[in-house]
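In C-alpha cells, the next block holds one chain alone, the form predicted on its own.
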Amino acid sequence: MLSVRDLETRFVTRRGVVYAANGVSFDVGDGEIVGIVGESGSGKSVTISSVLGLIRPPGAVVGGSAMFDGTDLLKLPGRALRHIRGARIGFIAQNPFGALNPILNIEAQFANVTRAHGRADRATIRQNALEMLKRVGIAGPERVLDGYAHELSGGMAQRVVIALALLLNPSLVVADEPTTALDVTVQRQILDLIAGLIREGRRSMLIVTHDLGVVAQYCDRVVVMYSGRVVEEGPVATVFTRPLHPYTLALLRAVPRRGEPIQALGGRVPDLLSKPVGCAFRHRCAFAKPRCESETPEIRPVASTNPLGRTVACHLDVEREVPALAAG
C-alpha cells in the first residue's frame, strides 16, 4: 500500500539546518495498521507530513521516495497530490479544532471535501454526511451539520474529523496523535471507533503516537523512531516481547507497571541542528561501543526473524546481546 524509502527532510532556520528526517524507510501493507512511536522530537510527525506533501518552507523534502499504489507521492505536483489526499488517503489531525474551519458550518466542510474530488448536488452531500456522522457515533447528526466547530466538544469534533477523513472511502488513513487533545475518558472511545472503521472497510492505517499501549492494542506492526531515523521495525507482538534495539528496550521499560518502580529513560533526544554522525542514541545507551561514535548503524534485517520482517539499526549483536540486556 505504502512504501517509504530513504526519506530526507530539512528545515532551514536562523540557527542552522534542522535534519528532521534522515533516511526514513518503512512499509504499510494492505489491510495493515502500522504505528510509529518515539519520544517528542524523534521525527514522527515530520515523516508523515513529508509523505503527505504538507511540509512548507522553510522545510523541504530533499530526498527519498514514498510509493503509494505505484505512484511516488514525493514527485507529484501539488494539484495531483491534492486529488489523492482525501479521496485515496484520509488524514486525521492531532487537533480537531485546528482541522475544522471555524467560520463554515459543518455541512459546508463536508461539501468542500466532496466537491474537491467530484460533483454532487447538495441533497446528496447532506445525505452522505449524515450517514458518515451516524457511523462515527454522533447522535443528532442534523444538528451537528447545521452547527459550527466551536459548538462541539473535543470528542465530537474529533468524530467529525474522522467522518471527513473517511467520507470518500480512502484505502489508506493517516492519523497524527489523534487523541492527544482529548480527555482521557474519551480517548479509548475514539481509538476503538477509528480501529473499528479501519478493519470494517479493510483499509490500511498509519498512526503516529507516543503511547505504546495504543500500539500494543490496535497495531499490527510498529516502527520505532529516534532522532529522525528508524531504529527498529517489526510485528508488534515480537518487537514488544523481544525488543532488539536498546532504545526500544528503554521505551518499554519506561512504561509504568503496577507495583514496580518506573525506569525513566535518562537524557533527552539530541539536537537535530547538526547532521547526525554515528549512533544518535549512544549518549543515552549504557551499552555503546567505540564505533558508535563515528559509524552510523544501517537498518538491516534480523536473520532469525526475517520472515517476520524485523529490521534493526544497531552496532550490537542484537540477536545475542540485547535479549541478554533485557533479561538483566
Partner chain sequence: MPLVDLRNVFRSFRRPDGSSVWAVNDVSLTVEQGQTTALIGESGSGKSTLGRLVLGLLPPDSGTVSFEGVNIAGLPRPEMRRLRARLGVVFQEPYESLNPRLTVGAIVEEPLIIHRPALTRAERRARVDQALREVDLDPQVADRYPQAMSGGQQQRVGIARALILEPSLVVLDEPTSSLDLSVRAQILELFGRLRAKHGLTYLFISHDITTVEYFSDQVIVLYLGRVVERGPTPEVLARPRHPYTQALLSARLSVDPTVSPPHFPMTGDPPSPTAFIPGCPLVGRCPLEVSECSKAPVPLHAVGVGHEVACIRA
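Keep in mind that this is a model prediction, so the values were computed, not measured. Positions refer to the first chain, counted from 1.
What follows is about the form predicted together with the partner chain, which we do not show.
With the partner left out here, the partner chain still marks one of 163-171, 177-185, 123-131, 138-146 in the predicted complex; by a 4.5 Å heavy atom cut-off that stretch is 177-185. Highlighted residues E32, V34 and A195: none comes within 4.5 Å of the partner chain in the predicted complex, counting any heavy atom. Although the partner is absent here, R282 lies well away from the partner chain in the predicted complex, with no heavy atom inside 4.5 Å. Although the partner is absent here, Y218 is a contact residue: one of its heavy atoms lies within 4.5 angstroms of the partner chain in the predicted complex. Contact between P77 and the partner chain in the predicted complex is not found at the 4.5 Å heavy atom cutoff. Within 4.5 Å of some heavy atom of the partner chain in the predicted complex lies at least one heavy atom of V255. Out of the listed residues V277, I262, A303, A286, I262 is the one that sits within 4.5 Å of the partner chain in the predicted complex by at least one heavy atom. For the options V214, L100, L73, A87, the residue carrying a heavy atom within 4.5 angstroms of the partner chain in the predicted complex is V214. Along 139-169, residues S153, G154, G155, M156 each place a heavy atom within 4.5 Å of the partner chain in the predicted complex.
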